[in-house]
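Encoded as structure tokens, the following chain is the form predicted on its own, with no partner shown.
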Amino acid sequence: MIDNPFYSHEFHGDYDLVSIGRLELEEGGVIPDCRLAVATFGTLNEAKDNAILVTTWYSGTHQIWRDAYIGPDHALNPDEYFIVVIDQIGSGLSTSPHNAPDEISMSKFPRVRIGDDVVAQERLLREHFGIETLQLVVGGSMGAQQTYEWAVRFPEKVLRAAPIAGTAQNTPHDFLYTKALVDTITCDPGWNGGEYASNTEVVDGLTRHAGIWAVMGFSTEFWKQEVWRALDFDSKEAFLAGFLEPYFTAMDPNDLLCMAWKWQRGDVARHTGGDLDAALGRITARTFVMPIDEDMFFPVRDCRAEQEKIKTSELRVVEDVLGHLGLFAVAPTYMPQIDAHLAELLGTRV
């Protein structure tokens, strides 16, 4: 177990750690005491039917949702809904390689799949809050993978779904990209087979990791138009050193590797013997599939191809020159689009 001050209330604000007990994993491993970091907003009504679940993305936590997406001026309005943000396993706040008990810590941490996250979340919502039905499941990137998993695995529990900038079945391109992210960390001698004493020993690998995100996380137009100037940086090098590198070098390498492994293998078709049409055909939720037009990970064409397999769905393209990392809601035009789509979705009868 490693003490990393980044994974604390000081950096991430209020959240609770809720134990769901022993979690047996799809790959055969076990987390003896799985603890999930949970942030809630609003009040659960007496009928317990006003809940919204938010799922988190790679490297992200509930913090960005609290700061940018949730509030009385947003579609995710805590005055109307009980909004539950659950940080995924491996996020650094929930049970993760760096904070796990010694018997499964660091390099011994078991393989976790997107399905394990969703099983854990369903158990927490049902056993801790008494929630059986969700008005909406929404998440971006890896959160979109979890959203699809929810809608396929528990169709009777999900009334509406909004996967943002993500796919139900990971593509070969994304697998290879994520492999490059993994290699930047594991090729650092300081990684030491996953048995480093501090994330600072892997700073070179984490810095290269940030550099690869710069290439693919932002769109070519972001760099061509020098959008980083609007973020008060005077060069692309200053943007890397002042924004992306500090963001990733604070994190735990094994935690990132845990999330990367399940990102690579996100695939709802494993429920139907590899038949994606059959898997997405299980979805009964009113679904808005919401790709970002300049996203280099999850292009509109990939998201549209999946959306067309969901009977109760519509494609809603979000315009953002930042590309995939538009998810951080930096552009002033981003959240109005998200809010408009989510408000419409929440307003539909189901």
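Quick note: we count residues from 1 along the sequence shown, nothing fancier. Just so it is clear, the structure is predicted and the values come from calculations on it, not from any experiment.
Below, we turn to the form predicted together with another copy of the chain, even though it does not appear here.
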Any idea which of 128-136, 155-163, 110-118, 181-189 reaches within 4.5 Å of another copy of the chain in the predicted bound form, heavy atoms considered? 181-189
Against another copy of the chain in the predicted bound form, would Ala241 count as a contact residue? Criterion: heavy atoms within 4.5 Å. no
Contact test in the predicted bound form: Ser105 vs another copy of the chain, heavy atoms, 4.5 Å: no
Hey, in the predicted bound form, is Thr220 touching another copy of the chain, heavy atoms inside 4.5 Å? yes
Heavy atoms within 4.5 Å of another copy of the chain in the predicted bound form: does Thr272 have any? no
Looking at Trp263, Phe82, Tyr177, Phe248, which has any heavy atom no more than 4.5 Å from another copy of the chain in the predicted bound form? Tyr177
Tell me, which of Val227, Ala278, Val203, Ile212 has a heavy atom within 4.5 angstroms of another copy of the chain in the predicted bound form? Ile212
Taking Arg208, Met216 and Glu294 as the candidate spot, are all three within 4.5 angstroms of another copy of the chain in the predicted bound form by heavy atoms? yes
